[in-house]
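We begin with a single chain expressed as structure tokens, specifically the form predicted on its own.
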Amino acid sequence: MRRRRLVGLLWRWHRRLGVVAAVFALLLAVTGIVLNHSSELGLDRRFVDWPWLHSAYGDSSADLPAFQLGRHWLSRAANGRVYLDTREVAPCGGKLVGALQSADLLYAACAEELLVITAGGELVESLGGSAGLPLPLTGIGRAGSEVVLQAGDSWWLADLELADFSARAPGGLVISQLSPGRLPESVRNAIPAPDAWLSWERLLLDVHSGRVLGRLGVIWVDLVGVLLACLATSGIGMWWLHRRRSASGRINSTKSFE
């Protein structure tokens, strides 16, 4: 009687765990089979272009750094060149960290370079470390009528006529900066886009391992593995108890016949 109750208990839990694990076991099986043929299907060369999924990955490579200057947009495209709206201006070293308009000139501050541009998109001057520019730049702003550059946590006064950046901005100075914005689609579609980075192969690998949901996804896949182990254990247990019961029944039948 006790053995029969144990078999019934194991069967109930085996059935419940099986329903939960079956869905995820099917997902793992399908993704595993597809990944085995990744090269033939070209999954490593085909890319996922879903912005919401890029955001879920925490990757902002789909967003080009851009700053609005009046009616114009200044951005640095995926080819490493600065654009004024859709007009290519010049290459600029490092990420675009800020922009500023002063009088009739525009300033594009990249991490390793400062570009001086006319309102028509013509390059006037390119200033780098050899000109005494504090590097790497992390921002550009205005303090009254002065242009100031940020390098790390420090601000420096920029005398652009003399190309002198040696004076540190005094403490308590009020500095205004432009915040980056999102390029209009008409401009974004006309300049080089960021390189594709999320392949179908990577996505399927992340689904297969649970990493697509971050650490919680990995933990969940581990739990599914534990569930499958429990199913295998309960299945073996039920088989063993049923085998013993059948063997015991045959012995009792033989004794009764004798």
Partner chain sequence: MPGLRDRSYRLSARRCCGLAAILWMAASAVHAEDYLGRDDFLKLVFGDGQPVQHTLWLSAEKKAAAKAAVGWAPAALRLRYWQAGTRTAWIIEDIGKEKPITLGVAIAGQHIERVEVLAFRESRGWEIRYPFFTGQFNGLGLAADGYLSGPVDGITGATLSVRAVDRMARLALWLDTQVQG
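Computed from a prediction, not measured in an experiment: that's the story for all the values here. Positions refer to the first chain, counted from 1.
The form predicted in complex with the partner chain is left out here; the points below concern that form.
A.B. asks: Classify Thr118 as contacting or not contacting the partner chain in the model of the complex by the rule of any non-hydrogen atom within 4.5 angstroms, answering yes or no.
C.D. replies: Judged by the heavy-atom cut-off of 4.5 Å, Thr118 is in contact with the partner chain in the model of the complex.
A.B. asks: Using a 4.5 Å heavy atom cut-off, state whether Leu135 contacts the partner chain in the model of the complex.
C.D. replies: Leu135: yes, in contact with the partner chain in the model of the complex.
A.B. asks: How about Ser145: is it within 4.5 Å of the partner chain in the model of the complex, going by heavy atoms?
C.D. replies: No, Ser145 stays farther than 4.5 Å from the partner chain in the model of the complex.
A.B. asks: Quick one: is Arg182 in contact with the partner chain in the model of the complex, heavy atoms, 4.5 Å cut-off?
C.D. replies: Taking the distances in the model of the complex, the answer for Arg182 is no, it never comes within 4.5 Å of the partner chain.
A.B. asks: Let me know the one among Ala167, Leu173, Ala78, Leu123 whose heavy atoms come within 4.5 Å of the partner chain in the model of the complex, would you?
C.D. replies: When the partner chain is considered in the model of the complex, the option within 4.5 Å is Leu123.
A.B. asks: Heavy atoms within 4.5 Å of the partner chain in the model of the complex: which stretch in 124 to 132, 173 to 181, 147 to 155, 95 to 103 meets that?
C.D. replies: It is 124 to 132 that comes within 4.5 Å of the partner.
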